[in-house]
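The data below hold one chain only, encoded as structure tokens and taken in the form predicted alone.
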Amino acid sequence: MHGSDATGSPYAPHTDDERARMLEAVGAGSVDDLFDIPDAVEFDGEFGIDARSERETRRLVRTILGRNDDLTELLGRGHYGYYVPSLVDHLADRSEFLTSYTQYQPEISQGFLQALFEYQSLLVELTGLEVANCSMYDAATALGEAATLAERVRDTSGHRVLVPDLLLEGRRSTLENYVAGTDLAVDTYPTDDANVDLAALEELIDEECVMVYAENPTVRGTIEEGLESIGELAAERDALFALGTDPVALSLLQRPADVGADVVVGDASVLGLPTSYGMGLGLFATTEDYLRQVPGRLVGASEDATDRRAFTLTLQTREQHIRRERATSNICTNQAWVALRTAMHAAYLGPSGMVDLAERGVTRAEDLAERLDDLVGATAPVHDRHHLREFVIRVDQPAPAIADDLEKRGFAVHVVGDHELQVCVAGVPDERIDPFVAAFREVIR
């Protein structure tokens, strides 16, 4: 180090002479020659932003935000805007949480470590599996990690990962990126009326399959009825069964452990975060058999020198996160602050509150589907199944035109087909349901 050298610093310690010799070694005339930055984006020393006072800045930001459409969103499809209690914001915004670094030093991180341990415990209880990590980035990365785990732990000679044909494109794309550097290949199996086509799946699962992935509820809101059969088919072929879900759904639906799931993935930010348009919280739980193969971080409970209960990152060395050849994952961090918010929201609701929230997702979706089905020119739900939170509705008129007309009246829905829309009730205030039905009645006339 040349921290005392007048031409260096503790952070960029090289002297002018050292820099000149390195540039000569690589054949560059200057440090700038090492970078190819287009003129259009190269910083010229000026930001081009007028100086403003705090009051002027706040006024400008309010003006810009005021241009946003004031829409009631009935969107869903992986992003759910449940109401988040204000205490979650007040507690999670404490500086010791917001400014916390990775909890490598347990002697100064007991509070945060305990919160993460509670988050893991919540998922263990909901899934029935023995191990849950601190989190992944989102549901898509958790799915990718499940596939690479399957390749590591399964003794089968094949490399096929089977996913449903209804899998969200973003999750499929992320999974494809994950397996691009491995021998794994992603194949699709068909669905029937939005649920798994068991007969077709049975034909597709063979000794080449290392993992079968299913979701409950499905992306179209239906509750998967064949989970036990999927688990049995996977077990018979020695394939890993990965199930996608979320904490609210798990409060009401079958426990993954009870249907033979080996890994559970999904997005846990249905609790603790409003709709965040990309930001998520990937949940990852599995059996104790795969404890040493779990990606990401694990918090464990132990005792300190005075026999007091203490929490610490466990079963993984820091080396595992920074050396490629020893890593189980390329994710070297986690969504700790979001996991904290999820744990807070779940603790606020309690077991009965989480069940109530899930049950409301069933009854409200059913009630809204019945009201829309009474309208001439609409059929809801399309799938003759039980639903959670959302459902698909068929309309006689072109679906994009209906969605555009609804948006003009203050409502946003998904277009999922030429004549199909998807409607989600999660987080939608009760007082906005009647206006939505009235708007729908107007636009399908």
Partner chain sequence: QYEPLLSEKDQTRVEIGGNGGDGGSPLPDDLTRDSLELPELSEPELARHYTRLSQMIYGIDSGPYPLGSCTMKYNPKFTEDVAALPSAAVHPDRSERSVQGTLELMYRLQDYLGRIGGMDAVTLQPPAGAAGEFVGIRVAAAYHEHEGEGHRDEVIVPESAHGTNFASAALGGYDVVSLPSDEGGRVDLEALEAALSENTAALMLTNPNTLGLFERDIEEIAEMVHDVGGLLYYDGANLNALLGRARPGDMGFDVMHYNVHKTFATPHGGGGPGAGPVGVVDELAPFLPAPRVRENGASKSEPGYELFDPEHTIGKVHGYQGNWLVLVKAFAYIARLGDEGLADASAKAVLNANYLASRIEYEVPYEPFHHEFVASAGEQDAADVAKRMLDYGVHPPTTKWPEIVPEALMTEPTEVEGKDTLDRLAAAFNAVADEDDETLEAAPERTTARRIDQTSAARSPRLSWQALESEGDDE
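What you see is a predicted model; the values in this text were computed from it and never measured. Each form is matched to the other, and the largest set of C-alpha atoms that superpose within 1.5 Å is called the rigid core. Positions refer to the first chain, counted from 1.
This protein has a second form, the form predicted together with the partner chain, left out of what is shown; the following refers to that one.
Screening 270, 126, 147, 372 for any heavy atom within 4.5 Å of the partner chain in the predicted complex leaves a single hit, 126. Note on the partner interface in the predicted complex: the residue among 166, 204, 198, 252 having a heavy atom within 4.5 angstroms of the partner chain is 252.
Contact with the partner chain in the predicted complex, judged as any non-hydrogen atom within 4.5 angstroms, is confined among 204-212, 186-194, 304-312, 234-242 to 304-312.
Heavy atoms of residue 220 never reach within 4.5 Å of the partner chain in the predicted complex, leaving it off the interface. Contact between residue 48 and the partner chain in the predicted complex is found at the 4.5 Å heavy atom cutoff. For the chain shown alone, residue 386 is a contact residue for the partner chain in the predicted complex, at least one non-hydrogen atom being within 4.5 angstroms. At a distance threshold of 4.5 angstroms between non-hydrogen atoms, residue 153 is out of contact with the partner chain in the predicted complex. Contacts between 61-90 and the partner chain, taken as any heavy atom within 4.5 Å in the predicted complex, involve 61, 62, 64, 65, 66, 67, 68, 69, 71, 73, 75, 76, 77, 79, 86, 87, 90.
Positional change of residue 384 between this form and the one not shown stays under 2 Å at the C-alpha, relative to the superposed core. Once both forms are fitted on their rigid core, the CA atom of residue 412 lies less than 2 Å apart between this form and the one not shown. Relative to the superposed rigid core, residue 16 undergoes a CA displacement of at least 2 Å between this form and the one not shown.
Shown here is a form in which the CA atoms of residue 181 and residue 36 lie at least 3 Å closer together than they do in the predicted complex.
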